[in-house]
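As a starting point, one isolated chain is supplied in structure tokens, in the form predicted on its own.
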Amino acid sequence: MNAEIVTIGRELLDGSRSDTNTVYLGSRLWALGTEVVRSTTVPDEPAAIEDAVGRALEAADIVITTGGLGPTSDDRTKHVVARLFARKLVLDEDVLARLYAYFEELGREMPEINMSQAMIPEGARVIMNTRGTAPGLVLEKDDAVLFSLPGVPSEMRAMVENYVVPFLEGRGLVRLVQERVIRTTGIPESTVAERTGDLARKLIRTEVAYLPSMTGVDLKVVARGDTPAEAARTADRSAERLADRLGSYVYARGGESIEKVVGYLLAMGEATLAVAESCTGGRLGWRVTKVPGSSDYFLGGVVAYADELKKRLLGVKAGTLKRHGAVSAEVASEMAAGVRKKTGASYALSITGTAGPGGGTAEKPVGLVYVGVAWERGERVSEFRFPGGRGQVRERAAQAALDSLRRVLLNIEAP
């Protein structure tokens, strides 16, 4: 079976929003053994929507649209779909009741404009929206099935996982493709490719994609099999062999973030963490607390941008600042030790550096960052030189700090 995706919204064409829905849907359909033969993005204009969806229904077995199901005047997908299927719009009492209940849960009166979302093409199956107000729709025409889903990614993904995937599996689609993700940090894409390229080319029924980002390189391992179990075994074996080539640069074998991995290690050891930040301005603490349950191990932190606060709040010595400067291994060490002493944390992380665009010198250029780790039995300070602009340096510094702590927790040497 093949599929087409039609994403709807002017904001996807004028650069206001990124089209993450196509990426997600392509991955989920691929995992079901379905090839996406075309994806199209069109504005919120009935003629454009009708042309794109009409062509897709003629060419594909599965068509998925996202967007245009809201209550405002520019949400026109439902009307176009009803016309394509020669259906009239009728009031769905169950959808209306769900809308009233949704707004009641929020403690608000439902705006009259939302009444339009209870008008459904006659005979369509309804996918109830558990995260918003726009219901999804399922209609069939000849040998094609159309899923019209909301454009909001969280709402769309919930419908795909809870309804679309089970629906397609019930039609005989099986997962003959399995994916695994290997997450690395601290190693450039070119080196990852050098270490794994020859092996990747030899792996049976397996494709490997290298996905670099600001904070690391992911390897996407896609394996096929004649049965779901065979595909899973092949994916597991291939991922394991690739991960072995990359050693300690691998921090996760799945979609976990490095802050989640570090949080797990801290929780398992019943340890606590505190942070002291300068150039990252709180970015490190923000990433740590993104993880649900981080209050079990994260005590807090100090953002000490000015040297005076480094001295007063973290105990950094005036002599250290004078001799070595704020961006130095010595100051990173005293920042980590100071916040650990101040909070009583088991482990402490510190970051000091020059994020740019100004402030760099020949001796201490923009992108120079020091990360300190302090714990009861010792300390470790690492020097990094990060490329990129201010935001990139700050994000990479936070990533490096988390990786430094991961290595200490696992008793792995610094790279």
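The structure presented is a predicted model; accordingly, all values stated were derived computationally and were not measured. Whichever C-alpha set is largest while still superposing within 1.5 Å between the two forms counts as the rigid core. We number the residues from 1 along the sequence you see.
Form predicted in complex with another copy of the chain: not shown, discussed below.
Only one of 104-112, 233-241, 83-91, 319-327 places residue heavy atoms within 4.5 angstroms of another copy of the chain in the predicted complex, namely 104-112. At the 4.5 Å threshold, heavy atoms of residue 36 reach another copy of the chain in the predicted complex. For residue 299, a non-hydrogen atom is located within 4.5 Å of another copy of the chain in the predicted complex, even though that partner is not displayed. In the predicted complex, another copy of the chain stays beyond 4.5 Å of every heavy atom belonging to residue 120. Although the partner is absent here, residue 116 is not a contact residue: none of its heavy atoms lies within 4.5 angstroms of another copy of the chain in the predicted complex.
For the three marked residues, 211, 281 and 309, a heavy atom of each sits within 4.5 Å of another copy of the chain in the predicted complex.
Just one of 220, 175, 245, 79 comes within 4.5 Å of another copy of the chain in the predicted complex, counting any heavy atom, and that one is 220. This chain lacks the partner; the member of 205, 98, 131, 253 within 4.5 angstroms of another copy of the chain in the predicted complex by a non-hydrogen atom is 131.
Along 353-392, these residues reach a heavy atom to within 4.5 Å of another copy of the chain in the predicted complex: 357, 390. The two forms, fitted on the rigid core, differ between the shown form and the other one by 2 Å or more at the CA of residue 99.
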